[in-house]
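Next up: a single chain in structure tokens, the form predicted alone.
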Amino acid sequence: MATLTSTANPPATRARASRSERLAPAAFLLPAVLVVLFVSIFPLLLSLFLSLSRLRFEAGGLKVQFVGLDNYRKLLFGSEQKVLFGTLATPSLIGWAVLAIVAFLALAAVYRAIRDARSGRAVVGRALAGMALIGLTYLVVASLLAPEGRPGTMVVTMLYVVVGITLQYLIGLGLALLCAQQLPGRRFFRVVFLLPMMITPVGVGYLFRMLADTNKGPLEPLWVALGMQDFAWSNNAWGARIAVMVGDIWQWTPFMFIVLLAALEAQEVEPVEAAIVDGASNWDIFRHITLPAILPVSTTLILIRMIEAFKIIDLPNILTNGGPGTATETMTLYAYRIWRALDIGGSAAIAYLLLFLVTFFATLYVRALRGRMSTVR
């Protein structure tokens, strides 16, 4: 009997031990997962509920009324539409050309998906993404590239992101290539180039507000020499936007510079030396060796900056207060402004529209570069 018991228990014991081993990782990870869900998912769900509600501060407390999609309807089709989208007009010839190019690329992407026999889900996804991209492009060309158009906060935000990241990357890459050379004083300039990143965004805003003052600022002699002593950057829509973009580029180029410099210095030297021996020019080495080598780092770097750039609020708030009118107002500043007016639901709706916009462009960017990244690897 004792022999039978001893031969029956080991399988059951091993099963219990195996089940315990399977459950142990989940038991250890569960508290951390609950904390992450609480600090990330809960605020997301709460803000979603607020975007579907109207909050009123009344005597004795706060009254919350569920209004469905009214806050989104007000932004997209109602009284706030012109603030968000701007004034749309018939695009110029350049605007139509840009729209046609984007539409052609979108249709080509859908055609490639059908030709490659992708799944129906992939084809539908590309078609929807193409339609959204064409709609956003029309929004840009009908407000920016139209004689009578005026960009709203959404287009201004996208303008800051595209222009800012493009120039930050190009300037940062140029400085990184320069500092990667064996030049005298390069260690000193590495530190100098990083200084703007160490200043707070509010400090950068006040700094550029002072520099843009053509009457009392430290650059007054320069403005006088250029005949701009009576020019006020904050009173001109494009002057104010350029001032904001210059400040943003000045502040964030060092971030691009330091990451790209690290990528350049981590690059393998053997392919470069072999190319030099074979008589390749500097441009050929950069195009066929250096650029593919830093492409993975560049892709991640631009993605991080793009997500961050969509949230710009400090510079337009300090430098121009969103003006003149709403010429320099971004979506984040717009949400902040109506939040201060106690329209909490409307502010949450703008934040969700910004979340959709960032997610759309980030997904589009990653998918567009996925094929290129696989060929580099």
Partner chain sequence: MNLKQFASLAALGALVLAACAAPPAAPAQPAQPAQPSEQKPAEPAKKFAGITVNAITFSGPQIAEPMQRRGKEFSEMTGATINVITVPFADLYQKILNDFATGTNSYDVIVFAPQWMVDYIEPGYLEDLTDRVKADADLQWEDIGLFFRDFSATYNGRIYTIPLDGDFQMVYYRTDIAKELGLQPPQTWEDYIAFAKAVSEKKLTTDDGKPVYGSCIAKKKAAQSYWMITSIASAFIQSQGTAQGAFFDLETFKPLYNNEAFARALEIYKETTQYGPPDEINLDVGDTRGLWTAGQCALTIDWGDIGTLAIEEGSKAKDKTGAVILPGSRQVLDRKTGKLVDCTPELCPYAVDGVNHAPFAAFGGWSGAINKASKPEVKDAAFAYLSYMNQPAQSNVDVTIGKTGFNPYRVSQFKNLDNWIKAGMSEQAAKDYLGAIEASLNSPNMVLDLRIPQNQYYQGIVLDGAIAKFLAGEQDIAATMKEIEDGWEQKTEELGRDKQLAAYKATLGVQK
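Residue numbers count along the first chain shown, from 1. Here the structure is a predicted model, which is why all the values come from computation and not from measurement.
In what follows, reference is made to the form predicted in complex with its partner chain, a form of this protein that is not presented.
Exactly one of the stretches 28-36, 42-50, 348-356, 313-321 approaches its partner chain in the predicted bound form with heavy atoms within 4.5 Å, and it is 313-321. Checked against its partner chain in the predicted bound form, the candidates N235, N282, S119, T200 yield a single residue with a heavy atom inside 4.5 Å, and that residue is N235. When its partner chain is considered in the predicted bound form, only one residue from V83, L136, A293, L105 comes within 4.5 Å through any heavy atom, namely V83. Residue contact with its partner chain in the predicted bound form: T326 places a heavy atom within 4.5 Å of it. Taking the partner from elsewhere, Q229 is found to have a heavy atom lying within 4.5 Å of its partner chain in the predicted bound form. In the predicted bound form, no heavy atom of R186 sits within 4.5 Å of its partner chain.
None of the heavy atoms of F66 is located within 4.5 Å of its partner chain in the predicted bound form.
In the predicted bound form, R150 is the single residue of 132-155 with at least one heavy atom within 4.5 Å of its partner chain.
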